[in-house]
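Only one chain is given next, in structure tokens, and it is the form predicted alone.
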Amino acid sequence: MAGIVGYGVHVPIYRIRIEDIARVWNEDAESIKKGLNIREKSVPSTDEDAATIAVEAARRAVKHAGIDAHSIGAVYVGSESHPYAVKPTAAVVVQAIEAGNDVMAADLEFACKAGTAGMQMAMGLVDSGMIRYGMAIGSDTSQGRPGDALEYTASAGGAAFIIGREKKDMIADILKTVSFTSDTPDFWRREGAVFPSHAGRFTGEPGYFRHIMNATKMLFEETGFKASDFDYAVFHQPNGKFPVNVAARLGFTEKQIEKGLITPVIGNTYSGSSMIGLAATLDAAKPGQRIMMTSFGSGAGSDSFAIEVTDNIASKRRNSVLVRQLIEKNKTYIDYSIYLKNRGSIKKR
């Protein structure tokens, strides 16, 4: 099957601490930090959106892969915060990375798993021989209504993965992928609505846990693997608590998930969440090691992947910046008023 040829990540430099949000709403910051397992989150600048984040991640992915962008035959951008209702983010990425004009491109939406759906689509095109390389991106500047629980976690960031099938290029084989989908209304945003709505009682068990556990168990059944057969595991991270919980339920240890658990320091990047976690895990992985990743998108569905690292991984690291270094580099804290301004919630007349 197809595999990963390269990847890139972008996270804005701005951060806001949980204390600064809680102070505005007279809430207990320590309880929130403990309950969500999150300390701070990334915030976009006034000139950053899902498109600019996608472009930065895509450029880094091309550099990491060491390929000519003209050989990329498809670009898919998954997001729930595309800057235009009608105008493709994917076309912006294609032009920005100078991929040429003979490229299949489309925007995808499936809440927080649209990026991993793009990976599956790229895999199909690569395996069929229709294209040599495909790029899948998960990018978001996620929304949270002021005062809502989502405001503590909804953040900004993205990751791009280049999929190919030539063994000399691949840093990781994708051994198997499966999906589990149902109509579960745990989270939604209607056309024209500025902020999303969510049904709290559906968020945990019927939404996140049911879909991730079923998709992962399907992967186990179809591959014959079990949790102990993987060196690492990555799950979608709506907060820092859920992935730790679901990992334990599925038989994974905290050590297996620690490399990819990035929400406590940047928040929930929505479509970028599990993909940034996978990138951070690949930064640490060695040849022959296995990684399991399961994404989740509200509405609801999960994509699960069994991945095995190849001997090429070390040689390509010289072309990239480690995700953890990227997250910590040039970090700048802002207060709640600047956060609102950057989000476009307050403007000059």
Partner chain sequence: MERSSASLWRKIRPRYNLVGNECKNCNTGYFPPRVVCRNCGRKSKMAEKQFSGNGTVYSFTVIRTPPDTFKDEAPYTIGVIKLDEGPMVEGHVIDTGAKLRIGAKVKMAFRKMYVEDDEGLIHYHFKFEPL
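Everything numeric here is computed off the predicted structure, so don't read it as measured data. Numbering follows the first chain given and starts at 1.
Just so you know, the form predicted together with the partner chain exists too; it's not on screen, but the next bit is about it.
By the criterion of a heavy atom within 4.5 Å, H64 is excluded from the residues contacting the partner chain in the model of the complex. Within 4.5 Å of any heavy atom of the partner chain in the model of the complex lies no heavy atom of E166. At the 4.5 Å threshold, heavy atoms of E40 stay clear of the partner chain in the model of the complex, well away from it. In the model of the complex, the partner chain lies farther than 4.5 Å from every heavy atom of I174. Distance criterion of 4.5 Å from any heavy atom to the partner chain in the model of the complex singles out T52 from the list T52, Q289, N312, S320. Listed residues T253, S71, Q95, N245 were compared with the partner chain in the model of the complex; Q95 is the one with a heavy atom within 4.5 Å.
The candidate site formed by R17, E19 and R343 is entirely out of contact with the partner chain in the model of the complex, as no residue has a non-hydrogen atom within 4.5 angstroms of it. Between 303-311, 22-30, 280-288, 43-51, the stretch whose residues reach within 4.5 angstroms of the partner chain in the model of the complex through a non-hydrogen atom is 43-51.
Residues K329, N330 are the ones in 314-333 with at least one heavy atom within 4.5 Å of the partner chain in the model of the complex, listed in sequence order.
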